[in-house]
Structures are given as C-alpha cells and as structure tokens.
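A single chain, nothing else alongside it, follows as structure tokens in the form predicted on its own.
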Amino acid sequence: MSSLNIPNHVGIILDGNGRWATKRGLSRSEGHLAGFNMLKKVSPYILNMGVKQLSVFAFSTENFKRSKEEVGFLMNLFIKKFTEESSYFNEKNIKVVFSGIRNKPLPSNVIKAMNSLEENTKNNTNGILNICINYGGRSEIIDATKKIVNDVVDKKLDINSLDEEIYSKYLYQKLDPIDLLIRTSGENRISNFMLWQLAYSEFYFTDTYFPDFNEEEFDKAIIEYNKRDRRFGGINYEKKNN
C-alpha cells in the first residue's frame, strides 16, 4: 500500500448497522454498538495510513424520525462512548471534532459529551476524525449562509470578497474537500452528506455492512481510488493520448 496515492480527506457514510444485526438475529441496537466498535478500530488505521481527515456520517437530522427506542439507544451510546473513549483517542493521537446542529432535538447531555471530547483531544496531531451528528448537508450550507449574512450586515465581511475559500470557513468545521467518499451496505446515494465538500469527490460503494468494514475492506477502497482519473473538470491529455 505504500506506493499508492492516499486521499487527504475521506468521508464514510456508516450504513448497514441495523441490517447487519438483523441478519444475525440480533437487535438493531446491537448493530449500532458493533458499528461504533468498528469505527473505533478502523479509524486509527485509516489515519495512520496517511489520510489527514476522516469524516463519518453517524446520525442525520432525519434519523430522529426512527423509533423512540432506537434513537434513545443511540443517544445513550453517544454519551457513553464519547465519555469513555477520550483516553483512547488521546492514546492514538486523534483529534475529534463534530459537525452538525448543536441544539434540540439533540439532548443537552449528548452535546456536553461532544464538547468534552473535542476539548480533551484538541491538541492531538495524528489526523482529524470529524463525526457528523444531527447533521444535514443542506442545513450546513444554510447555516453558513446565515453567518455570512450576519457578518455582512455587521460589516465584518465585504460581500464582494466572498469566494469559495471564504465560504468554506463558515461551515461547521474548517476541513478540506473530500477526495474519496465511501458508503457501505450497498446503497448508492449520498443522503445529504457534506454536499459542499463532495463537489469533486470520487465515490466508492460497497455491499459490506459497516460493522464488517475492516482494514481489508478499506484497502479495497484505496486500491479502487487509485484507478480513478481525477481531472477536476479538465482533461488529462497524457492519458488521453496513450
């Protein structure tokens, strides 16, 4: 793998936890726990490979429509794991940040656990793990636009100076564009995930459910990524003429 081109920013839509559990006769809650455990296992591997930023879609704004029992389990899981795993992420030297709307219906104790994990890992330098909770790509763009309007009204920003680089600073986190998007479980859509950052991403869809998306499965995605011809709207004349 050392000779391969490693993407700077990888996004993963963590899909298939419930179906993974159902196939095994387990509850959906057990699937979500297995998914978190896999994220804990595979994220250091991904960042140690040379990826600088890893963004994962853990819970969307629309996921609150799920059953009260499932949502409640996930909220308690977030509180428990974000509190317990602070030392683990420090040991792995991973900086954890969160993207999403930090107000209702997200419970205050979940927000408290998120803020604490961010604070406890803020000085770590072996890559960024960006966890998207109560997140929607359209909401992020709308919220960024509101901040820009406020700054223009307050004369903190000249509207004529606004460009893509400045706009991106108003998003939930200051992150680079996503180079490779991975979605597990066989679904072939992006589901309102990081729309701004995905503008020129390569997409990789796999039938593997996320609790089974281990280091070997990530390696397959990287190998496929290296087969892509990323032109960013231009033409690779060298390849075209060969």
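Given the structure is predicted, the values throughout are model-derived calculations rather than measurements. The numbering used is simple: start at 1 and walk along the sequence shown.
One more form of this protein should be noted, the form predicted in complex with a small molecule, which is absent from this view; the next part is about it.
A.B. asks: Using heavy atoms only and a 4.5 Å cut-off, determine which of 58, 175, 47, 180 is in contact with the small molecule in the predicted complex.
C.D. replies: Answer to the contact question: 58.
A.B. asks: If we take heavy atoms and a 4.5 Å cut-off, which stretch out of 105-113, 69-77, 153-161, 137-145 is in contact with the small molecule in the predicted complex?
C.D. replies: Single hit among the candidates: 69-77.
A.B. asks: Verify the contact flag for residue 204: yes if a non-hydrogen atom of it lies within 4.5 Å of a non-hydrogen atom of the small molecule in the predicted complex, no if not.
C.D. replies: Residue-level check for residue 204: no, no contact with the small molecule.
A.B. asks: Using the partner position in the predicted complex, report whether residue 192 sits within 4.5 Å of the small molecule, counting heavy atoms only.
C.D. replies: No, residue 192 is distant from the partner.
A.B. asks: I'd like to check something about residue 19: if you look in the predicted complex, is any of its heavy atoms closer than or equal to 4.5 Å to a heavy atom of the small molecule?
C.D. replies: Output for residue 19 is yes: heavy atoms within 4.5 Å of the small molecule.
A.B. asks: How about residue 39: is it within 4.5 Å of the small molecule in the predicted complex, going by heavy atoms?
C.D. replies: Yes.
A.B. asks: Whether 118, 170 and 197 jointly form a contact site for the small molecule in the predicted complex is the question; each needs a heavy atom within 4.5 Å.
C.D. replies: No.
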